[in-house]
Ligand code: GLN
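The chain below stands alone, shown as structure tokens; this is the form predicted on its own.
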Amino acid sequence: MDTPVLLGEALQFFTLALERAGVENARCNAEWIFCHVLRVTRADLILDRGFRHLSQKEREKLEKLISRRAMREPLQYILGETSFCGYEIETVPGVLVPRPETELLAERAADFLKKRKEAKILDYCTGSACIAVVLAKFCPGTNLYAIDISENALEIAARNLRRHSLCSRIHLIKGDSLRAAEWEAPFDLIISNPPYIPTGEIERLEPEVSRYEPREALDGGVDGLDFYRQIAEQAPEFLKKDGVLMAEFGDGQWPEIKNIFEQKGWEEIISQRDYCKKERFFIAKYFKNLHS
């Protein structure tokens, strides 16, 4: 591609490069990278591809980013951000990429919180703070406390809070358990998307995950359930009498998670399904709190 080329020709060339690298939805990925580099919408990309020539500088930048994607680096890291429930969230290496399925968890939590004029929320394993940002935006009367063990994740979370002017309402805390926020208890809602991939399965995941996403945000222990055992044990101490716990989990984990919580005395544990009709997160109450 040393001679001047049309945008459309370059798009086709780079799409084929991504296809050869095994990238799913290669055309869509290439279009997003072109939009990012050229600072145009996807509609503009379609209109321009037949007559606009790329500059040398544009071609060099496209080649660099397409090469990163061909190495299976997540598109969200390359673009530096992703949309989550309609809000742009900074997403760079060192933080888990927000998934569409987690949007359902955030939306269900927002529905619960809208019934309360004021509420205090604990977001455990906050990562990029995507859930906390959405809940703060959807529910203006809330105050949130967000825990993560990773300094890198907390730095990125802080940038997302500044981006959305939420520093006064979301308080970031470094910690490895719910107890890191015990002085703020009790909470109306504890919400979590914890690590839940079994240790031995991480290397078998798609390269975008196994090579690039932070292991500490993925590794849930030998069976993937370490964090659920911790939450089931600790969360009753930090919930209000009518408080609720919501948490995401992985494929096939629901029966054992339900068993873990039942053994710890939780009496209402209901699973919710994702877009693919798979059980993906649960809502739980601890009725013993109602009688304490």
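Note that the structure is a prediction, hence the values are computed from the model and not measured. The numbering used is simple: start at 1 and walk along the sequence shown.
FYI, the form predicted together with the ligand isn't displayed, but the following is about it.
Contact check for T82: every heavy atom lies farther than 4.5 Å from the ligand in the predicted bound form. At a distance threshold of 4.5 angstroms between non-hydrogen atoms, L122 is out of contact with the ligand in the predicted bound form. In the predicted bound form, none of the heavy atoms of P198 sits within 4.5 Å of a heavy atom of the ligand. In the predicted bound form, the ligand stays beyond 4.5 Å of every heavy atom belonging to G220. Only one segment in the set 181-189, 127-135, 158-166, 73-81 has residues whose heavy atoms sit within 4.5 Å of the ligand in the predicted bound form; it is 127-135.
In the predicted bound form, N193, P194, P195 are the residues of 182-201 with at least one heavy atom within 4.5 Å of the ligand, listed from first to last.
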